[in-house]
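The chain below stands alone, shown as structure tokens; this is the form predicted alone.
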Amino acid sequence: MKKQELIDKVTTVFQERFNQTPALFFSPGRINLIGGHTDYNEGFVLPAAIDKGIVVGIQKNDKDHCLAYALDMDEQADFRIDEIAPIENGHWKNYVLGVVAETAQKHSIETNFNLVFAGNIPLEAGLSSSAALENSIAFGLNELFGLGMTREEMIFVSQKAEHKYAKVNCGIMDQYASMFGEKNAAILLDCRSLESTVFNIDFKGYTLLLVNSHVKHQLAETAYNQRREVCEKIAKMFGVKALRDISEADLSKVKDKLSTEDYQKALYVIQENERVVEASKAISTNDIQALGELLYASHEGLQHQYKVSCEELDFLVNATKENEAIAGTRMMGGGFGGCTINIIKQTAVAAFKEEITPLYQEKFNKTPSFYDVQISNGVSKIATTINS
């Protein structure tokens, strides 16, 4: 579904359910060209917002509670702002509740409200539909109630909501890319200082193609958080805040004090940070081949060192290595499923889809999906007026 279709759908349903005209906001999903699992290590990432996302409609009501309706799932949550708590297995409801609760802790939300949202981000694909939803609500509340939050304040509200309510100790990259994205540009983001440099991308006849493995993207709270704990443990050994402060030479000094698995995880993070910086240089010089090689190296690390890949993702990456029309490929997102991101010649997209589909079907008895994505702007207001 295209963005305008989403806008029309949310508007129509909002009017039918609440007899109101909503204020509308669009919050994009994101890709990350390179920099897997470096964000919560206060390192570097190279994300971009995409043209798929969440449209949220919001408006004040005169009831004694709030109503949030997930259009795509046909589910509703009713809640009171002063009585919010996480819901066990609450899924989307916890993202909504978390953002409202974190916002209300800092600012006065003077009345209750109605909310409807829908999206065209493929779920469980590593495109951060959760950050898009969080940001859309934070941005909508800020506009609706005139709270005066900056975009930076809003992304931290979204991140805390994910930590406290979804129970995923995510870094800041997803929220940042969704909020601050710029059209046709990647953002080199320092996840410690939040200093960023925008690099306009000239793909020179190449385009971005995402291939969904249709393996459930279990950003497994458990597996994700375990890896974060390993990184924090090793940083603590050195008395520093995060692994971004440690060099390969430093790490080698404590190799005998670590399990092989933990050593490789930390080594991956250090090397990935270096790859992100090199990737930004490749973009600045329009060296698509060098960028592609860095993507392949990133996947090797995610597969063999950080161990967050899976058989299906590895198959999709390996199947591109002899294809001269593809500059580079890696798994994207938290891991354990989701999408690969491919830098592929525009003229070769159709042939690649025809080639990889039967191979994947034969191997895994499932059909991959393909998403052509464009790099787009961050969170934006669609409606120009808000009626009380």
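When you see a residue number, it is the position in the sequence shown, counting from 1. Worth saying up front: this structure is predicted, and the values here are computed from it rather than measured.
Below, we refer to the form predicted together with a small molecule, which is not included among the displayed structures.
Residues in which of 146-154, 165-173, 256-264, 203-211 have heavy atoms within 4.5 Å of the small molecule in the model of the complex? Stretch 165-173 is the one.
Evaluate G43 for contact with the small molecule in the model of the complex, applying a 4.5 angstroms cut-off between non-hydrogen atoms, and reply yes or no. Although the small molecule is absent here, G43 would stay clear of it in the model of the complex, with no heavy atoms inside 4.5 Å.
Exercise: G36 in contact with the small molecule in the model of the complex, heavy atom 4.5 Å: Output for G36 is yes: heavy atoms within 4.5 Å of the small molecule.
Is G334 one of the residues lying within 4.5 Å of the small molecule in the model of the complex, judged by heavy atom distances? It does: once the small molecule is placed as it appears in the model of the complex, G334 has a heavy atom within 4.5 Å of it.
Y95, heavy atom within 4.5 angstroms of the small molecule in the model of the complex: Looking in the model of the complex, residue contacts with the small molecule do not include Y95, since no heavy atom lies within 4.5 Å.
Though the small molecule is not shown, can you say which of F180, F113, F199, Y224 has a heavy atom within 4.5 Å of it in the model of the complex? After the contact test, the surviving option is Y224.
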